[in-house]
Each structure stands twice: as structure tokens, then as C-alpha cells.
Ligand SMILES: NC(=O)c1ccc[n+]([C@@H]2O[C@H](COP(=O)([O-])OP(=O)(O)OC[C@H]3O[C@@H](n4cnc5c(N)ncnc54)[C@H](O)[C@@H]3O)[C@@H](O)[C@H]2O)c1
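Presented below, as C-alpha cells, is a lone chain in the form predicted alone.
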Amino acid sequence: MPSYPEFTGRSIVITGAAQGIGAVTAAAFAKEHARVALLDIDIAGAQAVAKEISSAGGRALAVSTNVTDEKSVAAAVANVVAEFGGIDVLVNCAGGYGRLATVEDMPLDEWDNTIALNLRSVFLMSRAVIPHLKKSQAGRIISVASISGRTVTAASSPAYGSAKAAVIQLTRFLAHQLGPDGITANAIAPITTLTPRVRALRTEEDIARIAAQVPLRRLAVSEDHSNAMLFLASDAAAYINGVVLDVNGGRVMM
């Protein structure tokens, strides 16, 4: 596995860090001696992850945050800056959806809530950290999109897929507008990943069926995505800007 000594002392903000990809990514950055802020509405979960990181010798801060609420986001960012002195990397990992659905059977509030969690959150967090990233020598925004934002599958949510497609376009706007400030913005597009949320949504038959469609014949684990995000945040990726890195085992090839 590669190591990233440049992360030592850098401040990383990760949303949705109480479990799954966000939690694993936070631990991975901490292992590289970065300071990590874990933002999540599930503060107990975020605190548990932060405790594990601290017990392993890392530095972690758990911050109760509703990433769909402007005031909550502003307060969280101010908290991180007060504790760490600045922000170098934002990882927009918060997201998800409640159930498999069709357009026809989706209530408006479900649509609005899913769009807010997956898209508004990226806008609010990115906008809030931009002034701090401009002060960094290695400013990065990395957003978690989805294979559902790259192609259409029946076994998903139309609101989720639409939001993730929009995250990809928002990433391009950020890359274009922030490039002159030395800040890069990129996204990863994961396939179905064996997180606790996915295991709750999918049956074992679903998991086996999806894995059989992947050339590598397995679903992703959270580490597959954290490895990609560490690379995008590293100095080695300093000239990579506005891209979507498809981390899907070859399921969809763009």
C-alpha cells in the first residue's frame, strides 16, 4: 500500500463519517497522520469512530452536523477551524437513500429529502470550506458520487441517481471555478459497496446477483473507495482536476 507523508498535519473534513465509507476513510487519513474531523448527524457514531482513531494514536474531532442545514454546516466548519486552525481537504461522503423506488411511487418529500442529503449537502459544505481551502497549499474537494449517477439501474432510487449525477456536474463547476486558486475538485463513483446501510437494503440474493455482473466478481468494500480518495487528496494527484474516478470493478466503463 502507498504511504502519504504529505498528509502529516493536514486537516481533513469528512461528512457522513459515523459509518461505512466515511468512517473507513477517516481512519485511513488518520493513519497517515492527518487531523480528521468527522461530521455526522449521528454524533454517537462519529464519536465512536473518533475514539477508535484516537486510541490508535490519531487525532480526530467528532462534530454533530446536519449537512442539509446551512446554519449547522457553518457552525461545524467554524468548530473545525477553531480546533485545527484551517482546512485542507473536504470529503463529501454523506448520502444515501431509504429504499428502492420508482418515479411513480415516490412521494415528493422522499424526493426532496434524498436530493437534499446527496446534493444540497455537497453544495453547502463546499461553499462553507472554500475560504479556508484558499488558504491551504493543497486544497482539495473530493465528493462521493455513485455508479447510479453514471448509468441507470432499476435497483436504485431515481432521486438518488439524479442527485449523484448532479454531484458530478457540481464537481466540474467547482474544478473550473476553483482551479485558479490552486484547489482541485474531483469525485469518485462507487459501485454498490458492502456497508451496513447496503446490507440492510439488499438481500444476500441481491448481493450475489450484483457481484456476478462485475468483471472482478465481487462487490466493493469501503477500503476500495478510501484508497481512491487518499490518492486524489495526495500531492501525486495535484494536476488531476474535474474528473470522476469510477471505482466499480469494471461494472460500468465510461
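Remember, predicted model here, so these are calculated numbers, not experimental data. Start at 1 and count along the sequence shown; that's the residue number.
The protein also exists as the form predicted together with this ligand; that form is not presented, and the subsequent description refers to it.
Asker: Hey, of 191-199, 52-60, 27-35, 209-217, which bit sits against this ligand in the predicted complex at 4.5 Å between non-hydrogen atoms?
Answerer: Among the candidates, contact is made by 191-199.
Asker: Is every one of Ala18, Ile21 and Asn66 within 4.5 Å of this ligand in the predicted complex, counting heavy atoms?
Answerer: All three within 4.5 Å in the predicted complex.
Asker: Within a 4.5 Å heavy atom cut-off, is Asp42 in contact with this ligand in the predicted complex?
Answerer: It does: once this ligand is placed as it appears in the predicted complex, Asp42 has a heavy atom within 4.5 Å of it.
Asker: I'd like to check something about Gly95: if you look in the predicted complex, is any of its heavy atoms closer than or equal to 4.5 Å to a heavy atom of this ligand?
Answerer: Although this ligand is absent here, Gly95 would touch it in the predicted complex, with heavy atoms inside 4.5 Å.
Asker: Is there a heavy atom of Val77 no more than 4.5 Å from a heavy atom of this ligand in the predicted complex?
Answerer: Val77: no, not in contact with this ligand in the predicted complex.
Asker: Is there a heavy atom of Tyr160 lying 4.5 Å or less from a heavy atom of this ligand in the predicted complex?
Answerer: Tyr160: yes, in contact with this ligand in the predicted complex.
Asker: Can you name the residues of 110-145 that have a non-hydrogen atom within 4.5 angstroms of this ligand in the predicted complex?
Answerer: The stretch 110-145, when checked against this ligand in the predicted complex, contributes Leu117, Asn118, Val144, Ala145 at the 4.5 Å heavy-atom cut-off.
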